[in-house]
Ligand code: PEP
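What follows is a single chain, given as C-alpha cells, in the form predicted on its own.
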C-alpha cells in the first residue's frame, strides 16, 4: 500500500503520516502464544499500525467461543511491550471499558451488535467521560444510518475528542456473495453526515472469506477510506472463530502490497480541468435522465387514469416480472451490475405506483 500524500481534516488524530492506517490481528485472542506470535509476525511486516484482538466475543448463538475474557488483557499488554505497537480491542459494556483502561489498552472499538443498542452505547460513553482514548464505532448490524450516526454522537457528547467509525457491512438475509453486504452508499452517507470522523473499512467482516479481501480493500481505498481493519492469524484454518476470513501475517503483507492508494487531491490544474470536463458531461446526461424520468411518470399517470376508468388494479405482477427479466438481460448485455439495474427498476416502479395511486384516489 503506497503512501498517500494528501490529507483531510478528518485525519488529524488517526493519521500516522504514512498514509491509510492498518489495524490487524486475530479475530480472537485464543492463547498467549497464538496472540504473541501473530502480533510479532505482523509487526515484522512493517505495515501494521495497531494490533487488534477479540477478548470478549459477542456471538449470535450460545455455545460458540465467546472469547477468553479478562485473562487475555495481560497478553495484549505483552504484545504492546514486545512489538512496540499500540493495541486495540472491542468493548461491549462499561466493565469492559474499565478493565481495558486498567490494562493500558491504547484504543477501543464498539462492535456492530452493541451499536444497535443505544442504552449499551450510552453506558460505554458514560464510562469514558473524562478519558482521553481513541474509540471507533462499527456500523450496526442492520442498515440503519441514523442509529450509526446517533451512536457516534453519544461518544462525542461524552467528551471524547478522538472518535472514529468502522464500516463492516450490513446483515442481509438474501446475501450470497458476502458475509455482510457492503452497501457502500450508507458508508458514503455516513461520511457526508460526519465529515470530520475518520472512517475505517473492515473487509474481513464484509467478505467472510479471504478470497474477496483484496477486492474490498481496494474499493475502500478508491473511496478514500482512512484505513483498513483486517484479521490475521498464524493458522487461519484452525482459528477458533471466523477462520475463513483470516489470513496469515505474510499473506496480509502481500495483500497490502497489492493495494493501490490513489491521491485524494489533484497534482495540478490540468488534471482538474480534465475531470471538470468529464463531470460536465455527466451533468448533461443526468439532465437528460431526469427529463426522461419526468416523461415516464407522466405516462404512468396516464396508465393510472386508464386503470381507474376501467376498474383495474394498479399492480400487474406479470408485467412487472417482464420488466425485471428485460432489465437482467440488459445488464448482462451492457456490462452493468444486475443488482444496480434491479434497484433502479424497483425505485422507478415504486414511484410509478405512487403516481398511479394519486390518480386513482383523486376525486
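Residue numbers count along the first chain shown, from 1. Everything numeric in this text was worked out from a predicted model, so none of it was measured.
Another form, the form predicted in complex with ligand PEP, is not on view; read the next lines as being about it.
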{"query": "Close approach of residue 27 to ligand PEP in the model of the complex, 4.5 Å, heavy atom", "finding": "yes"}
{"query": "Contact label in the model of the complex: residue 138 to ligand PEP, heavy atom within 4.5 Å", "finding": "yes"}
{"query": "Proximity of residue 112 to ligand PEP in the model of the complex, heavy atoms at 4.5 Å", "finding": "yes"}
{"query": "Ligand PEP contact at residue 226 in the model of the complex, heavy atom, 4.5 Å", "finding": "no"}
{"query": "In the model of the complex, the one of 154, 96, 205, 191 near ligand PEP [non-hydrogen atom within 4.5 angstroms]", "finding": "205"}
{"query": "Options 51-59, 316-324, 64-72, 295-303; stretch whose heavy atom lies within 4.5 Å of ligand PEP in the model of the complex", "finding": "51-59"}
{"query": "Sequence-ordered list of residues in 158-192 near ligand PEP in the model of the complex, where near means a heavy atom within 4.5 Å", "finding": "168"}
